[in-house]
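Below sits a lone chain in structure tokens, taken as the form predicted alone.
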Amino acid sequence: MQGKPQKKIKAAKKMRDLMTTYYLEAMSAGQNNKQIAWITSGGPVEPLVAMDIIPVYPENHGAMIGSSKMGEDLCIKAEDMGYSSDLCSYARADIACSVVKGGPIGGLPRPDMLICCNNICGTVLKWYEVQARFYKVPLFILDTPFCHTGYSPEAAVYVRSQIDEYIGFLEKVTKKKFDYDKMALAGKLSLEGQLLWQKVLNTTAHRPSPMSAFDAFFFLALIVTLRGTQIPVDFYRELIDEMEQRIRDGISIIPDEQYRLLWDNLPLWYQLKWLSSEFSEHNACLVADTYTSAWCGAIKYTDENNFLDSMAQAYTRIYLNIGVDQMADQVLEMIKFYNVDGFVMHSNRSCKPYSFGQMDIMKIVRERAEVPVLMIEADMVDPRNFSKSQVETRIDAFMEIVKQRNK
């Protein structure tokens, strides 16, 4: 089934307006007697929402830096400061931004506290320690053990006890009592937003797909930055309506979708348009990815009526904190659900936890799903680790294999 010619997604403008408002409010927090907390993307944000603290995400800022093609200069600045080029480019760009007030929005608003959760990687621990010293603000670290084979009772007790410590930390910094009623509401809205985000992503199971993974990379921002509030709930409802209308009208994001692909790892923020065009020329649509779906992967561990207690498990058992076998199982489920013809893996120089097990996942996918796999070596923000000519050649060769297998 071929779709009608590509038509831009209307919700994109509203999305930009919402993100602009969010950053303006964060920049003016001090004038409105509000506090700012910098938090890792996988960190438990709902307690901040309950305490009326504005969460700001350096990783989201890093994505903006990459999309604005400002990553190289900022990474070089960090290296001039003594940081290794092997360090995560999000960390390098963020650390340099704090010093030079660079980036697309002139740097992030000054934090009153830092919240770090190591469920995504170990780099964030030292990154946030560096920033806590630079800004001379308190830092809270939530330690989540790896769940390579499951979630043990000991891990449950350990992480849950830290949630109480986290609440005590917030009470000390803000000098006010924690509001458990607001926490319950934030939890319900967080879960509702995640469920709606998953429903948005599920619309691409339709052939032809009403949007692509490149659109998902963009629309993801709300479930990260404003999780636990009403804003993403309302927005994703509207986005779902638009996606369903596009399906009814036969409007596809790729004019003549013939091949469907799955993407693994973070995007190449500075080459989104080029990559989209490269695959589109082969009538291929990246219909799903493991990155944007990670923000709703722990739904099954979340209890809407007891969010605070279930939060410990939900934030521990996220995609990057589980075993490679479990990751591969999720990839295989996505290949089947989205009916994909090929698997594109970004071997990301910056994100070691995401890239470490990719060779094993590649082998499992080839053996059990029997779909072609393409590996692209690059970096999510630093373009110095990307070769356009090499990647173009690999995409062309990969798509020839996909086409031959689908004749």
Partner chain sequence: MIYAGIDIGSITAKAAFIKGNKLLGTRVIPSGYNPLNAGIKVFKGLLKKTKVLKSDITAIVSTGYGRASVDFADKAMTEIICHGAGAFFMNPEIRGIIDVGGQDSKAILLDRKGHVDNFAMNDKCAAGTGRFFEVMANALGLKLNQLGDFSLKADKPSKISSICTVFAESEVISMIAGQEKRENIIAGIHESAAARISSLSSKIGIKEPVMMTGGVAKNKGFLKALENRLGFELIMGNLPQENGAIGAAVLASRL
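Numbering follows the first chain given and starts at 1. All figures in this text were calculated on a predicted structure; none of them were measured in a lab.
Another form, the form predicted in complex with its partner chain, is not on view; read the next lines as being about it.
- Residue in contact with its partner chain in the model of the complex (any heavy atom within 4.5 Å), chosen from A37, L374, A63, V45: L374.
- Contact with its partner chain in the model of the complex, defined as any heavy atom within 4.5 Å, is confined among 48-56, 66-74, 334-342, 378-386 to 378-386.
- Shown here without its partner, the chain carries Q390, F398 and R405, all of which come within 4.5 Å of its partner chain in the model of the complex through at least one heavy atom.
- Remark: R366 counts among the residues lining its partner chain in the model of the complex, judged by a heavy atom distance of 4.5 Å or less.
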